Each structure stands twice: as structure tokens, then as C-alpha cells.
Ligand SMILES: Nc1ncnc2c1ncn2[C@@H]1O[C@H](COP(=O)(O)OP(=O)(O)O)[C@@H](O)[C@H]1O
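Only one chain comes next, encoded as C-alpha cells, the form predicted on its own.
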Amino acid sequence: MSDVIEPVSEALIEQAKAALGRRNLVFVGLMGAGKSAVGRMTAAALGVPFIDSDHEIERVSRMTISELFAAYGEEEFRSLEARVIKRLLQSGPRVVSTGGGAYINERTRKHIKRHGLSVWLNAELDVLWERVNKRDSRPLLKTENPKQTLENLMHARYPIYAEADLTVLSRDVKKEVMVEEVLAALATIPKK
């Protein structure tokens, strides 16, 4: 088997674009699922802008996510996050990657449902842990047992992520494979 990745077919890209229409494609899922990396590449394939909501929050607040959590707590951070995402979804089409807790907020979920299509990158614990355990920038994982915390987040959040319009399994494959699977899932959505 070769490692050569075939480019995504133009036909699939056109089907996905038609299904998306003027809506936004919003990536949801836990930290480490690949929302930013796969989202950026999906946006490039679709020829639409990409925005990472966490980066936008940091830009408008002039603070890092960790600093915001430390200074204001999670509840105030989620309120800011909801306002920023609502603003980001006012125009489209674009691809937006969200922070892991964004979709858990009911207000944010309603904004996403109203102005976009959500795609959950669903990953198993070992995949997520392998991706996040080397970085110290995850405020929710600053606990005595971060892997257990991550597993607890999975149990709490996965039933809510399951409400997303589309689900794609995030696993250890090349990102191009994930992008193609996202586009294929998007292509199945009826045009609006």
C-alpha cells in the first residue's frame, strides 16, 4: 500500500459546496480531535475562509485562553465564546473550528444550528490523549490526573456532540483522508 494521497475529486468538492450553500461548516469535538487542522484544510478544499474561534477570542480579548480562564473563570469565558461565535456565524460560507466546550453551551449550539452545519470529529480517548498530553496549554487538563479528566469530559460531552449534523471519526490517518471524509459526509446533506 502506498502513502500517496489522491487529491480530492472536483466532483466531490462541488457536491460538498452545493450542500453547504451559504451556510457555515462548524467543527465541534474535544480538544485534540483535529478541528483546527482538518477545518483549515477543508476550508482550503472548499475555497472558503477558515476561522478558529479560539484564535478570534484571543484576538478580541488580547489574552490567551488560559489567561481568560484564570482571570474570569469558565462561565465568563463561555459567555464571551458564545458572543464571538454568534458574530462569526453572521456571514458565510466559511469553516469555523470551535473550542471543545463551545458546542456544550446551549446558546452557542442554537447559533450553530441556525447559521451552519455542524460536524463532530469523534475520537477515542487514546487518540485524543496522544495528541494533547505533550502541550501545557489546555486549562481544563491542569488537574492531578489529566487523562482521567479528558475521559470524564468525553463521558459528559459526547452525548451533546452527537447532536451535530454530521459525525466523522477522527483517528490516526493522514489529514487529507479526514478532509475527504468530511467532504463526503457534507455532500450527503440536502441542499438548502
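Remember, it's a predicted structure, so these values are computed and weren't measured experimentally. Note that residue numbering begins at 1 and tracks the sequence as displayed.
If you look for the form predicted in complex with the named molecule, you will not find it shown, but the lines that follow are about it.
Within 4.5 Å of some heavy atom of the named molecule in the model of the complex lies at least one heavy atom of M31.
In the model of the complex, the named molecule lies within 4.5 Å of some heavy atom of V38. The named molecule in the model of the complex is not approached by L12, whose heavy atoms all lie more than 4.5 angstroms from it. Within this chain, M178 lines the site of the named molecule in the model of the complex, having a heavy atom no more than 4.5 Å away. Contacts with the named molecule in the model of the complex, taken as any heavy atom within 4.5 Å, map within 117-134 to R131 alone.
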